[in-house]
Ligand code: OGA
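In structure tokens, the next block holds one chain alone, the form predicted on its own.
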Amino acid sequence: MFRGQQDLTPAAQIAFSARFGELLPPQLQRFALPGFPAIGVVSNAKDERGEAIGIANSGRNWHTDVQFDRTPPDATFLVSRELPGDGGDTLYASMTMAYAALDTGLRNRIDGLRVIHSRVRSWPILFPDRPPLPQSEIDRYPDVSHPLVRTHPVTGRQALYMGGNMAMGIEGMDDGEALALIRALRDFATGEAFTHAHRWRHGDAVLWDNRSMMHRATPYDDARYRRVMHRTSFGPAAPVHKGAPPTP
């Protein structure tokens, strides 16, 4: 977390982000910052024509960024531009700490499982007030599966990787059993022992490892306040699971 970044320009945000890996364009290009197609705008604000300048009410459920893609980003960099007077915090959960705290039997049970993530099937559940996904989005994001336990390519540490808002099942498992397991792991991982609430200040910029964290935004009075955030994501890679020997 970097404080006092009020003078960080969009060009400087892009240059900083690009030092860590290939930049990923926002999924919805209509909400890219004008003139900077690599920066996604997260905001409830509207322009002078009354049109939204960014994605509003995004990320209110626990998730990892772009978990529905075959190669989600390694990391995300979020810069505050305008903040509400109250609320609009970001909660983070350490999936590495949560995995390490699981009991031996559960770690052995989930080793090697793969979670099915679906942008298409989860869309009407998560965003009932939004229009249906266009066919171009449906074609772009077919269902994918990722390892439930993800091995960090740098540290070698294991982390839970089931996301939270687009996980629709587990390969080879009954849907009821699969969703119950996903919910139990999510509830455990987002407990107080593994979470941190970042209360934004003007000029804050936060960089996080998408391979070992979940996060979500908290509500605020969006009829009273504006919230404008600029997001860059980078380093796309397919999640991998190298496994660990079963614990006796």
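Throughout, we count residues from 1 along the sequence that is shown. All values reported here derive from a predicted model rather than from experimental measurement.
Another form, the form predicted together with this ligand, is not on view; read the next lines as being about it.
With the partner left out here, this ligand still marks one of 178-186, 45-53, 31-39, 213-221 in the model of the complex; by a 4.5 Å heavy atom cut-off that stretch is 213-221. For the chain shown alone, Thr90 is a contact residue for this ligand in the model of the complex, at least one non-hydrogen atom being within 4.5 angstroms.
Taking the partner from the other structure, this ligand in the model of the complex has no heavy atom within 4.5 Å of any heavy atom of Leu148. Using a 4.5 angstroms limit between non-hydrogen atoms, Asp204 is distant from this ligand in the model of the complex. Of the heavy atoms in Leu78, some are within 4.5 Å of this ligand in the model of the complex. Proximity of Trp208, Arg227 and Arg231 to this ligand in the model of the complex is complete: all three residues have a non-hydrogen atom within 4.5 angstroms.
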